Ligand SMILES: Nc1ncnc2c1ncn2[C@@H]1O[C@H](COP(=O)(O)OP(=O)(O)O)[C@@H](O)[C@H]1O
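Have a look below at one chain only, the form predicted on its own, in structure tokens format.
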């Protein structure tokens, strides 16, 4: 599989009066055509900032690209004009947002919003396209849904409508930022099954963002783990699940509920992620790490391991 998206040494800061928040710190990552790359980590570790930085959807200011490259199909998105970016968003990169209700325009019907995506790219929307798209995302009675407003749909239906919008123009990369967070557990599996099916049907590269590393381990081909704005481990999802190298990844996996564990408290990671207005020297996880050694006072680089895996740790 070829690299569809290549991120190199990307840093993103938020300008604030009380100090810049270094939300993404020198991140390098690839997403390949036809694969799902899962991006995991605790809340506040920079996952959503990274996801929204790729199509440059972060408001500037306060967000600022402080260095690095985002190369999509050979073009560095950071160097493109607003008009060039507008042509790539939707047609090249589709986005499924975390909250489907706020992602949809409340005063337009679902059908009008899908047609608007075509208009934004100066394309005609062929007759029947709206209903076909809604049927592809497994919405029953597509005609009724197309005529409905967001408030008339259930949460699961709204998220499927957002996915229909995201794939309307045939993108090659789909970014799904916590696409199941706003849904109850009975609907989450259906949405993830839908994304899996669309990936295979359209040959998409998918960046799937979630704080739930267990979910990603089941759904992703490869897994990247983010902590304090940095990537600390990358590898095939099955291998990471079977034997994570980084102590942070192992802590996330240990905190997953298991039927065999019986009653009692789940293991947790002590402490909190650091304040990214003033990141710590050396390894950002050092203060919480059970395997910290003196060498951790120096920031580790993301070093290659066997089997296409990488880890940023002095004592994996």
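The model shown is predicted, which means the values in this text are computed figures rather than measured ones. Residue numbers count along the first chain shown, from 1.
One more form of this protein, predicted in complex with this ligand, exists but is not displayed; see below.
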query: Among the candidate residues 251, 46, 38, 55, which is the single one with a non-hydrogen atom no more than 4.5 Å from this ligand in the predicted bound form?
result: 46
field: Touches this ligand in the predicted bound form: residue 29 (any heavy atom, 4.5 Å)
entry: no
task: Evaluate residue 305 for contact with this ligand in the predicted bound form, applying a 4.5 angstroms cut-off between non-hydrogen atoms, and reply yes or no.
output: no
task: Could you confirm whether residue 276 comes within 4.5 Å of this ligand in the predicted bound form, counting heavy atoms only?
output: yes
query: Is residue 10 a contact residue for this ligand in the predicted bound form, using a 4.5 Å heavy atom cut-off?
result: no
query: Which one of these stretches, 265-273, 47-55, 64-72, 30-38, sits within 4.5 Å of this ligand in the predicted bound form when only heavy atoms are counted?
result: 47-55
